[in-house]
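A single chain comes next, written as structure tokens; it is the form predicted on its own.
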């Protein structure tokens, strides 16, 4: 449809947009739920889309849960969702290491148990999960024991991130043949009440800085997230809609992969952020401008029920 960039989605335009796509990709936190509470109307939107014959996928940068854990959460919140419709960075990182990196060896993992489980499901053994305490002096740190079978370093969200882990990752990455992958570059995780905590991007940047190397990033806005879904379900980008609350991840992914994009204002980004990108004149920032926006995805429910 020929529309101006970032048009308010309402009325007949909702039905026109939905008619133009056969698959809808949703970010999760800030879009269909906040924390452990579903966004009002979100389960009905998802379930109505699926009942109407649309394919629905859940695409998240969060690396702390397995696909099964996400499917269980979706079910508890009232969403009709299958495990194979969930694409989180724990799973997608395992796919990336297996199919793109062709990894033949172990992974030094700065990350969660969920990431370890997804790697093991792909037949990849991970080492390093859990606390790692520093001891000795600097010369000991530079000669810390390493597993010779480790062929890659993978960095995701790790509540046990420490100097010891940063150092061990550096020592592995001193080998130029050791592959280096990160789940995502989100620097802050927004919480209720305008609070926030550091995100995976902070940990990844620390490792990149120490190793003086750039990681291959799997998560949004990397096109690999969409390729991971598209390769398994044969999606046509021209008939897909990406729905998200972050301009620099969700909307940029959709724009770069040729998807239609819809911003919901129930999460991180605001219309003021969009307008700033529009005024910038910067081609990269223009990719963060969505095709459409709504206050909440619940606004599309009447078009689905009518």
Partner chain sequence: MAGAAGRGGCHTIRGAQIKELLQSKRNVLFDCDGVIWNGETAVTGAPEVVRLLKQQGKRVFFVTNNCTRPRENYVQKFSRLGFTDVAEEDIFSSAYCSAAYLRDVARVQGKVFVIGCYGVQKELLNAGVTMVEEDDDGPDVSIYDCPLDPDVKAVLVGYDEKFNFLKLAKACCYLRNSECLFLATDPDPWHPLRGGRVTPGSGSLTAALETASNRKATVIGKPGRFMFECIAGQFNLDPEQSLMVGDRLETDVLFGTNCGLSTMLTLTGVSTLKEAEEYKGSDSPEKKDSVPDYVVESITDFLEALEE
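Residue numbers count along the first chain shown, from 1. All of these numbers come straight from a predicted model, not from anything done at the bench.
Just so you know, the form predicted in complex with its partner chain exists too; it's not on screen, but the next bit is about it.
Chemist: Let me test this: is every residue among 28, 48 and 77 within 4.5 Å of its partner chain in the predicted complex, going by heavy atom positions?
Modeler: Checked in the predicted complex: no contact with its partner chain for any of the three.
Chemist: Which one of 216, 187, 121, 113 is close to its partner chain in the predicted complex, taking close to mean a heavy atom within 4.5 Å?
Modeler: For this set of options, the contacting one is 187.
Chemist: Which pick from 230, 71, 101, 210 sits with a heavy atom within 4.5 Å of its partner chain in the predicted complex?
Modeler: After the contact test, the surviving option is 210.
Chemist: Would residue 180 count as a contact of its partner chain in the predicted complex, using a 4.5 angstroms cut-off between non-hydrogen atoms?
Modeler: Residue 180: no, not in contact with its partner chain in the predicted complex.
Chemist: Considering only heavy atoms, tell me if residue 161 and its partner chain come within 4.5 Å of each other in the predicted complex.
Modeler: Flag for residue 161 set to yes.
Chemist: My question is simply whether residue 157 lines the interface with its partner chain in the predicted complex - judged by any non-hydrogen atom within 4.5 Å.
Modeler: Yes, residue 157 lies within 4.5 Å of its partner chain in the predicted complex.
Chemist: Can you tell me if residue 166 lies within 4.5 angstroms of its partner chain in the predicted complex, counting non-hydrogen atoms only?
Modeler: Residue 166: contacts its partner chain in the predicted complex.
Chemist: Just one of 216-224, 140-148, 93-101, 77-85 has heavy atoms within 4.5 Å of its partner chain in the predicted complex; which?
Modeler: Residues of 140-148 come within 4.5 Å of the partner.
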